[in-house]
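Coming up is one lone chain in structure tokens, specifically the form predicted alone.
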């Protein structure tokens, strides 16, 4: 996979005018999230980790964003959503019930828990959940489709794009406080923003990104 913003590391802005002390503290707390589960059991955690790998596959050439740990931390530390759908339990309960249900579906179809079935089989079960086609009693009346749409997708994807690794991947400079962004027009970039690599000009983008 070719990097769209080669040579760019948003953490190089940590001590630059782009970030103030509040921004540094927020990012530092995100990077310090414990990698072991605090809300989930280990069995639940390995199922969650397998789901995260299917929702947001990550490349092998860089350290993995610990998505399962981020979902776990959000359930322990908050904040909550501030609302919930009538036929979905609270977030923590929905996750625990949904993980148990996906394990039960995998056991019924393949004889092993979700994390031990093949990636293709995992994708198939998640697609069935997305389509509302799973109805194992372990769901306990919670609609599989709603669990997928309102817990699995947003919680995992939001966790990914809250991490500096994802910011570097998409060329995002972070909150940019106190510096801010000036050139807001389409296809314009401030000098301290990452340069996107276009075919044949990757080296130029890499040189630019070492100094933003």
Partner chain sequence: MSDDPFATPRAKNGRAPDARRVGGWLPMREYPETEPVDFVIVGTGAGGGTLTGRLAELGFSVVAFDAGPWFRPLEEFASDETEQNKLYWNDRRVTGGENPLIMGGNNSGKAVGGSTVHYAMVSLRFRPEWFKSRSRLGYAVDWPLDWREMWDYYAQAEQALKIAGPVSYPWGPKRPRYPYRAHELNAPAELLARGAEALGYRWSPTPLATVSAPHGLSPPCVYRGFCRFGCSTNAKQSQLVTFIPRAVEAGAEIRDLAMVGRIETGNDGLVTGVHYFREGRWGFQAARNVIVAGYAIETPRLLLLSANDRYPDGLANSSGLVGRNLMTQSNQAVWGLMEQEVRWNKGPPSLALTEHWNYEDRKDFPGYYCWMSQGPLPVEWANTLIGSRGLWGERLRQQMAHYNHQVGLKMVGEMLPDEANRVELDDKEVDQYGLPVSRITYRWGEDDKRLINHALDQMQMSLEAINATDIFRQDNDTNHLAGTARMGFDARSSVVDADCRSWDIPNLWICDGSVFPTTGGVNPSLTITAIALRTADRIAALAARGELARRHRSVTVGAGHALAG
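Here the structure is a predicted model, which means the values were calculated and not measured. Positions refer to the first chain, counted from 1.
One more form of this protein exists, namely the form predicted in complex with the partner chain; it is left out here, but the text below deals with it.
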4.5 Å heavy atom contact, residue 188 and the partner chain in the predicted complex: yes
Contact test in the predicted complex: residue 79 vs the partner chain, heavy atoms, 4.5 Å: yes
Partner contact for residue 16 in the predicted complex: the partner chain, 4.5 angstroms, heavy atom: no
Residue 37 within 4.5 Å of the partner chain in the predicted complex, heavy atoms: no
Within 4.5 Å of the partner chain in the predicted complex, all of 47, 139 and 147 (non-hydrogen atom): no
Partner contacts for 126-155, taking the partner chain in the predicted complex and a 4.5 Å heavy atom cut-off: 126, 127, 130, 148, 153, 154
